[in-house]
Ligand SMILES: Cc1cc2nc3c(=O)[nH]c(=O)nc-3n(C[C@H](O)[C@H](O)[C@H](O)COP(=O)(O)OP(=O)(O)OC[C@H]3O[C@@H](n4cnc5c(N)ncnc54)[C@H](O)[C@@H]3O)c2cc1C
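Take a look at this one chain, the form predicted alone, written out in structure tokens.
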């Protein structure tokens, strides 16, 4: 059997690990544009200088060699013929597959801002090449602007804090990490970054990239009428899935990316998908799970993705830990909110009809396991005999004769 995995990030590599374990006697091929396996979640460590390229690798030593994986690196997938089951690569090479996993990920989205695609020194932070570019430019730049303050944008800022540069965040939303955090949790990070001298402009958009005579970015014109200096612009306003090679094929996509079911199957036989190529759930843990599940099903061991929240993030910035689950803000007045606060600790749970729909835990994350268990067991928190924040692990060993947890009412 010829198994081919396209993409060397979280989904692709974890799929390969699974294939190597479940199908050790079959042929495994990895195709990737990347020439080094690296975690994009820790690119900021490379930026700040705390890790080199080898320390970004999240596989075991000699993973490729030990598992006899044929690795075609530095090339991208340009076409797939699903009738003959042949892949065409950017170097013209053809690769035949029996089953293929498409885990081609996503690329930085550059919003429709005047000159943003024409100006030099404008870059995203999506892969190792981006991080290398940014680091090489540092000796030549003074004013760095990060456009978008989601997880990638904050990674970039934290990685650059210690270089003594003038750092500015520009965010269209009204707070830092607006998808993951409510205003209170965001404010703690905003204050922490401000203490490091990071300028922050919220409710503001970049309207135009102004260039010098050599074509390099020199200033940004903002929606509030201000013009700010900028020698290096890091764009972190979202991603778009890498599905260009699917044009003209029967593999179905939607406006976000490639479509695949909870088994990782596309609508075409022997073609599977996992990770950011779907364009719907761009976080590392989800990509890992999807890669493992797709690979299991490729070898005939049925596994189904049963993740309960599309949005689940655990983050640590400036030594402040936070876990975010679902929506951090209730959608309307029909939702109820439970909050417990103490110095350095913030817990918030949002629920409707007893079902948890969102949560933010900031500070000590030891409660995160309890919270995850409550969600996993589908426990209605309006049926608890004690405060939801007082539940502990021992409570999960107290089951009634009806196999219900003792801390729940009927």
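Residue numbers count along the first chain shown, from 1. All figures in this text were calculated on a predicted structure; none of them were measured in a lab.
Keep in mind that the form predicted in complex with the ligand is not shown, yet the notes after this line are about it.
Within 4.5 Å of the ligand in the model of the complex, a heavy atom is found for all three of 6, 9 and 125. Residues of just one listed stretch (101-109, 185-193, 157-165, 265-273) have heavy atoms within 4.5 Å of the ligand in the model of the complex: 101-109. Note on contacts: among 297, 76, 204, 253, the single residue with a heavy atom within 4.5 Å of the ligand in the model of the complex is 76. For the options 51, 33, 351, 347, the residue carrying a heavy atom within 4.5 angstroms of the ligand in the model of the complex is 33. Not displayed here, the ligand is kept clear of residue 229 by more than 4.5 Å at the level of heavy atoms in the model of the complex.
The ligand is not drawn, but in the model of the complex it has no heavy atom within 4.5 Å of residue 116. Interface residue remark: residue 180 is not counted as part of the site for the ligand in the model of the complex, having no heavy atom within 4.5 Å. Residue contact check for residue 335: none of its heavy atoms lie within 4.5 Å of the ligand in the model of the complex.
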